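The data below hold one chain only, encoded as structure tokens and taken in the form predicted on its own.
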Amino acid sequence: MRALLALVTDCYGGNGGLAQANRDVFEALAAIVPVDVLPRLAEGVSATPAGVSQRKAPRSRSAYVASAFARAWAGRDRYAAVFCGHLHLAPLAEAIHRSTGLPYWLHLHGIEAWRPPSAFLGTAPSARLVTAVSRYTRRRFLSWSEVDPGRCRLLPDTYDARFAPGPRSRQLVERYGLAGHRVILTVGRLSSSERYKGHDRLIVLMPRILEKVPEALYVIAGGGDDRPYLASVAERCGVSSKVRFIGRVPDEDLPDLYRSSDLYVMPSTGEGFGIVFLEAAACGLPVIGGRLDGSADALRDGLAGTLVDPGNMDELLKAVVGGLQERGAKDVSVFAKPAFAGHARALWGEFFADRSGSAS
């Protein structure tokens, strides 16, 4: 059986949504094709599942390019295709395709694909298959790309089965001082380049939320360079005691953090999809997201959560206050691992079976 060479920014040993999304794809495909992962940024290599191997990340960009070409050339009779896990790596995948003849699969996550990335790729990448995590990302990509729409398919993100309803964690309630509060939660990297996620909008809204729900507490999980800015917004609004920064939460604690909260809110304007919406909803939380980006796909156009215009503070306030009174989990099982894996394998069979020798 021929294998898949995967070029990604991050994967095993990495944190964040991109690394998780890559792992989900490869674990789905590993049942039908061996996957050889070459990450650009991973500092270490964690254990990989059966059928997946990961190389150590080269130290520099030039070393990464050289390593990718060397592996592609050495394995051009072994590999059925190249997986390109980020649009910024597409020029490299395109060059390998032109040099070796290996077809490639380009996977799009979100904002990086909403406008032409560089002159080096052009408007017509020759990927045999392009997948996008949401309708919004697909639409924005096709608005500038000359790729045949029939080769640009949807492959929404998924979530792990460990995210499921359960009791509050006494340990986390005590650790983060959540007792007696109605907890509004946002999980994500605090980056000055990603203010579109809307942390500051919710902080600005907290005085009005507290008028209606005095026991409300906004918990922000995640680390990054934008924490000082967000803390200054909280201070300026007089709600520093009602906004709690808890830093990056270990992956193993995330399900309990969701279960120990009352409402998940991320009023983003630049989300490609939003795995965190699925995780929160799967744990039984009411969820609020923006209707202007890929969040609408994760929330199933309102079936799995409440969609708002993130710029409309009155609408967001009404949704938050209502969400804190809401009970009952919404169904996101359509995004569960079995459905995701079947979808990914079907795409492989449709577009690459002629080279892999298997359509299963």
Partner chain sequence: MCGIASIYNYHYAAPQIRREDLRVLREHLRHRGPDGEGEWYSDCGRVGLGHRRLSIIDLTDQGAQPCADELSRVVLVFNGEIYNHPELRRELELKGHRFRGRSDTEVLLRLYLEEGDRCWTRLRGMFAVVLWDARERCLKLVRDVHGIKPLYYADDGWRLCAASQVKALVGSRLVSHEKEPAGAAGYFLMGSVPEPFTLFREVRAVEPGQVLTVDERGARYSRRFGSVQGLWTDRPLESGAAPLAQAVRDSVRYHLVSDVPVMIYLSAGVDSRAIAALAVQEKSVSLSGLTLAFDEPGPEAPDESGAAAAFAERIGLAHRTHRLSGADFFASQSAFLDAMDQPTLDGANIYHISRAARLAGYKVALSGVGGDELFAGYPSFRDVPLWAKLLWLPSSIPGAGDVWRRVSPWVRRWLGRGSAKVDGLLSQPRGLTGAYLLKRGLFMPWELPDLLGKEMAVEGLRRLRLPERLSEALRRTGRSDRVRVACLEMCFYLRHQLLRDADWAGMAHGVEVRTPLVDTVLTAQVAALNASGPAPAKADLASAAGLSVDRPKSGFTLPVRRWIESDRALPECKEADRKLGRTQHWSRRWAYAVYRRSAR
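Residue numbers count along the first chain shown, from 1. Bear in mind that the values here come from a model prediction, so they are computed numbers and not experimental data.
The next section is about a form of this same protein that is not shown, the form predicted together with the partner chain.
K.L.:
Could you spot which one of P207, G223, P228, P149 gets a heavy atom to within 4.5 Å of the partner chain in the predicted bound form?
P.N.:
Filtering the options by heavy-atom distance leaves P149.
K.L.:
Just to be sure I understand the contacts: of Q171, S143, S192, S240, which is the one whose heavy atoms reach within 4.5 angstroms of the partner chain in the predicted bound form?
P.N.:
It is S143 that has a heavy atom within 4.5 Å of the partner.
K.L.:
Assess the spot marked by R139, D301 and H343: is the partner chain within 4.5 Å of a heavy atom from every one of these residues in the predicted bound form?
P.N.:
Affirmative, all three are within 4.5 Å.
K.L.:
Taking heavy atoms and a 4.5 Å cut-off, does R153 contact the partner chain in the predicted bound form?
P.N.:
Because a heavy atom of R153 falls inside 4.5 Å of the partner chain in the predicted bound form, the answer is yes.
K.L.:
Taking heavy atoms only, is V334 within 4.5 angstroms of the partner chain in the predicted bound form?
P.N.:
Looking in the predicted bound form, residue contacts with the partner chain include V334, since a heavy atom lies within 4.5 Å.
K.L.:
Would R78 show up as a contact with the partner chain in the predicted bound form if we use heavy atoms at 4.5 Å?
P.N.:
Judged by the heavy-atom cut-off of 4.5 Å, R78 is well away from the partner chain in the predicted bound form.
K.L.:
So, D293 and the partner chain: in the predicted bound form, are they within 4.5 Å at any heavy atom pair?
P.N.:
No, D293 stays farther than 4.5 Å from the partner chain in the predicted bound form.
K.L.:
Name the stretch: of 307-315, 31-39, 50-58, 293-301, exactly one has residues whose heavy atoms fall within 4.5 Å of the partner chain in the predicted bound form.
P.N.:
This holds for exactly one stretch, 293-301.
K.L.:
Heavy atom within 4.5 Å of the partner chain in the predicted bound form: which residues of 1-25 meet that condition, in order?
P.N.:
Nothing in the stretch sits within 4.5 Å of the partner.
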